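Okay, so here's just one chain, in structure tokens, the form predicted alone.
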């Protein structure tokens, strides 16, 4: 395929919210040579650059005046060393999880059905049901838009944290992920202690396949399919609060759930629980709504604009701040 810069491209197919905004310029990236040409074009025309995979964690509230790079490179490769897999950034994350299970590579089955691409996974340090990407991460390749060089980055280089990485910070925002290398296990080491998962698996023979199937079923029951109704999954992060704050809140809300974290002084509380207490399920603003079954999921109910979604999210977070003194942070990248 010949590299091409397109003009005035509708981004509706490229974001899972299905919000209609235009990109001034757009390039389908299939290999590093495409990135080099795109970099030259952006520099020559003094354009900002935005990298997109499946747009499953992105909300547009305006047209994008620069160059959108749609990462569409593909490929997967077993490397020397037992259980080492390299996958291109444009590959579907869920399909990689399925591929690993089919080939007796274990560990990431708890991350099944997370929407998005392989390249997006390190940006968010995706996690679910007691497992996070960084537990299996070895390294990645990234194209530096500033220098035009390809960099190899270790786990330490990526600065992973809860739903965070260097790629969300200034030093990493000029880096375009090309591929990710994972170290999978050759023998199952199943993580089934997370709330809800053990209940679904009760009475079954627990195998990697049954864990995969259970998580797909749970996610499908809780989270709407973006192909049916626009959404980006969980809109807010689960907040971290001090143990002293938790004890104070439990004087008024003794049933408030919480989980320990690696920091002995902090606990994680479920944002969905906080929002449920404020009655947000099903409420609307313009074309945007909170899903009827999950207060963390904002949906494009009726040709919502990005502004509809953001204003609804602001009202939700304000209500939590006023009632609980907790600031909700968004998981979704707002453009």
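Residue numbers count along the first chain shown, from 1. From a predicted model like this one, the values you see are computed outputs, not experimental measurements.
From this point on, the text means the form predicted in complex with a small molecule, which you will not see here.
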(message) Let me test this: is every residue among 128, 162 and 219 within 4.5 Å of the small molecule in the predicted bound form, going by heavy atom positions?
(response) yes
(request) Go through 66 to 74, 273 to 281, 25 to 33, 301 to 309 and give me the stretch that gets within 4.5 Å of the small molecule in the predicted bound form, heavy atoms only. (result) 273 to 281
(message) in the predicted bound form, does residue 223 come within 4.5 Å of the small molecule, counting heavy atoms only?
(response) yes
(message) Taking the small molecule as it sits in the predicted bound form, is residue 168 near enough to touch it, meaning that at least one heavy atom pair lies within 4.5 angstroms?
(response) no
(request) Please run the contact check for residue 238 against the small molecule in the predicted bound form: heavy atoms, 4.5 angstroms, yes or no? (result) yes
(request) Flag residue 148 as yes or no: does it have a non-hydrogen atom within 4.5 angstroms of any non-hydrogen atom of the small molecule in the predicted bound form? (result) no
(request) Name the single residue among 106, 99, 253, 194 that comes within 4.5 Å of the small molecule in the predicted bound form, judging by heavy atoms. (result) 194
(request) Please pick, from 233, 116, 90, 208, the one residue with any non-hydrogen atom lying within 4.5 angstroms of the small molecule in the predicted bound form. (result) 233
